[in-house]
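Take a look at this single chain in structure tokens; it is the form predicted alone.
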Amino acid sequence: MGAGELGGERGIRVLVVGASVAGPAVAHWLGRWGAAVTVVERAPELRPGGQAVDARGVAKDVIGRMGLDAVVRAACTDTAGAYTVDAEGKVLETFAAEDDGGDGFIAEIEILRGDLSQVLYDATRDGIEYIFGDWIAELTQDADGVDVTFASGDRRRFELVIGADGLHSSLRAMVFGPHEQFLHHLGHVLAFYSVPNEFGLDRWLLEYQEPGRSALLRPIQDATRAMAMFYFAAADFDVDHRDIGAQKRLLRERVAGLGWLAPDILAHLDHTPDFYLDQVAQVVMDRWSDGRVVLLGDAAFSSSPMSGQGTGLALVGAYVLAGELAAAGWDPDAGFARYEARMRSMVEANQEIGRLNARTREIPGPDAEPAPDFTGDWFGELLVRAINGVELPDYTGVPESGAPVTR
């Protein structure tokens, strides 16, 4: 089935920018409600591997409504839990995957970002047009639509454009303004890459912490390999997110002398196929839409890896955005407003958790804020908002896309 067949010859045309998680997820729901969807991705192909991401609470319900629960669970890391350890490897704390009904520190559904991206792509590729290795070069919008010129020279017109292109969203910069207006650095940097599993890792994540920095090893489905991660404090961050050489130099500099297995993990840095490093940052915006352009996922409301909920927000946001647009008869003003009204509280709760968790990793000092006290009822209420903060509407039966209704 081609994109035209799915959306119908008169289906509203929607361009989605980004093919990681949020993009294919919203494409799934838009297609289900009758839109003709094109997804454009700058990378030449899907990017494998990546950080382990989680689905908790209502995000698990969204996966179920997509009909993907079984295939997502089959691709999970199957992590049994996490240990924090000392320099000699002695266990200090234990967190099991079944804690808090599977919605705890180690989630019941935990999957590598690249594996989830592949699942979503496989589920949508027959009904959605995907374009890899291209991106928006120019964009102009009017009351009726958006004219897009791609870097390849292709020109098209769409009724709606959705930016799901991540923390460093080029569409956000193009339509809303420079990154500096919206990116809030949380004082930390995260790096991860896969390494040979020469450490005897078996279903349990291991984390070693020193003031202001830490090293982690986590299991993945391929038992011959493991995912290594480093956190370190950094008051500022000025390394280009595409300059891999500079990123590796920064990592070596900042984790030099770190104990436990850190030297052995670093020994694989130059040979890994999937290195990633970036600042731990949030995207904070007063509004997520401008005319017929709207943002989704990290591009709109990154809560940072410190929240553990970025993927959950992307999945829930995709469901709500597509559903509200369809329910509003594809009127962007109404659909975008309802999407933001439903999502804002859950987003803000997760961003607050991200900021609190970042504070727990700060280097102790006379000017440091006191560590948060997570034992009060206030934190339990915050967690409920963060994990189950959206009551998912049932959009079944909304009118399918026909000719655009706002001409």
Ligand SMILES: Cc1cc2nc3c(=O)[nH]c(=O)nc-3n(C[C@H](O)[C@H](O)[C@H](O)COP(=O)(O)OP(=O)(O)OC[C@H]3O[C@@H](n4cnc5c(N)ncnc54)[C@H](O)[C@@H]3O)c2cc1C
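Start at 1 with the first residue shown and count on from there. Predicted, not measured: the structure shown is a model, and the values here were computed from it.
Beyond the structure shown, there is the form predicted in complex with the named molecule, which is absent from this document and is the topic of what follows.
Here the chain stands by itself, but in the predicted bound form one stretch of 259 to 267, 68 to 76, 131 to 139, 180 to 188, 131 to 139, has heavy atoms within 4.5 Å of the named molecule. With the partner omitted from this view, the residue of 219, 127, 166, 323 that lies near the named molecule in the predicted bound form is 166 [heavy atom within 4.5 Å].
Listed residues 59, 347, 53, 35 were compared with the named molecule in the predicted bound form; 53 is the one with a heavy atom within 4.5 Å. Residue contact check for residue 297: one or more of its heavy atoms lie within 4.5 Å of the named molecule in the predicted bound form. A residue is said to contact a partner when one of its heavy atoms sits within 4.5 Å of a partner heavy atom; residue 49 meets this definition for the named molecule in the predicted bound form. In the predicted bound form, the named molecule lies farther than 4.5 Å from every heavy atom of residue 317. Proximity of residue 237 to the named molecule in the predicted bound form: non-hydrogen atoms within 4.5 Å are absent; the residue sits far from the partner. Contacts to the named molecule in the predicted bound form (heavy atom within 4.5 Å) from stretch 248 to 278: 276 only.
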